[in-house]
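Starting off, we have a lone chain in the form predicted alone, written out as structure tokens.
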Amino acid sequence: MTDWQPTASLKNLRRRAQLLADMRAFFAAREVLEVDTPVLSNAGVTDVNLTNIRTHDGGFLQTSPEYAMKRLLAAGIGDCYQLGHVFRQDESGARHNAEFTLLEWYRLGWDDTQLMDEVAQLCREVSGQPELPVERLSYREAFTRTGLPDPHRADLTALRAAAHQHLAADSHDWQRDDCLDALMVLVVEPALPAEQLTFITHYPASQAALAQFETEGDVTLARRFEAYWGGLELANGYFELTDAEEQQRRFVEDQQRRNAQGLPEAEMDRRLLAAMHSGLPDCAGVALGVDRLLMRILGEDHIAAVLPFDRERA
């Protein structure tokens, strides 16, 4: 019986320890405060794409420290980061583990453009690749570069046809975001250059999550970005929404989508909304998957190769 042994090699685990130390040094040099918020919370998330792991007493293992960190920001903590474990139900596979390590940080007075610069700086420094190429593409450019329709202006019929053509999918009853998400994951992401960091920016408004909106002509876009190293998604960032009323409206929309899809109900986090009502400062924030970044640094194809013990051996 050998399943007591770590899933990662000892060499990889030592590199992992160095990566965590390097991340802390990166923020210490910039005077960004490390915070430590609860992993177990009284509130979960409403996002239809995320599922909390529930505890027997009705608590939630957090999918991200975002809500708690924003409460600290509203209380006046200033620039801060957190490096720790988070949990997501039903996530498993070569790139997913139900428990994983997330680096999340917030910069006051910054926008998403400035934060992308810092994400690139961090990746270059901790990977030991100071010349790592970086490219920025809008969501529209990323789609049209691979021969897909304009994701903001194409009608639903065209998007369903693209999904059928490129994915051989029975997409006749898919909704707009179903088409966009599938095309992004299965067509756009694999086509991204392998040896560079790519930022995808200006997502559709329907995928804003907790980001601010921006108008470009007659199209409303989200001030959101995702960072990819090759086809591997590393980070998701926002020019953060600070309007409590708009945040509550989005929570209600999430609840309606959950009901329509037959997903478990999820209550709004009233403490987050109260903090936003008190005044969340203008800021940009990003969450970066540490395990995935280490996969890319080491050239590993499976997340188990960078974890002490994956879900099967935990």
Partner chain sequence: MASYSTNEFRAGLKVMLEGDPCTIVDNEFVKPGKGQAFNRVKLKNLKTGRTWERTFKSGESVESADVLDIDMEYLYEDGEFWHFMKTDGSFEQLPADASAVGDTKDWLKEQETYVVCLYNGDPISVTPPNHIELEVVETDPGLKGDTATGGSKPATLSTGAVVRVPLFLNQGEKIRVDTRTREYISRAKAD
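On a predicted model such as this, the values are computed, not experimentally measured, just so you know. Numbering follows the first chain given and starts at 1.
Absent from the display: the form predicted together with its partner chain. The rest refers to it.
Between its partner chain and the residues His152, Arg88, Arg160, Arg223, the one pair within 4.5 Å by heavy atoms in the predicted complex involves Arg88.
When you look in the predicted complex, the only residue of Leu132, Ala205, Val185, Ile77 with a non-hydrogen atom within 4.5 Å of its partner chain is Val185. Using a 4.5 Å cutoff between non-hydrogen atoms, His96 counts as a contact of its partner chain in the predicted complex. Heavy atoms of Leu50 reach within 4.5 Å of its partner chain in the predicted complex, making it an interface residue. In the predicted complex, no heavy atom of Phe239 sits within 4.5 Å of its partner chain. Its partner chain in the predicted complex comes within 4.5 Å of no heavy atom belonging to Leu83. Only one of 167-175, 191-199, 144-152, 106-114 places residue heavy atoms within 4.5 angstroms of its partner chain in the predicted complex, namely 167-175. The three residues Glu246, Glu267 and Ala274 each lack any heavy atom within 4.5 Å of its partner chain in the predicted complex.
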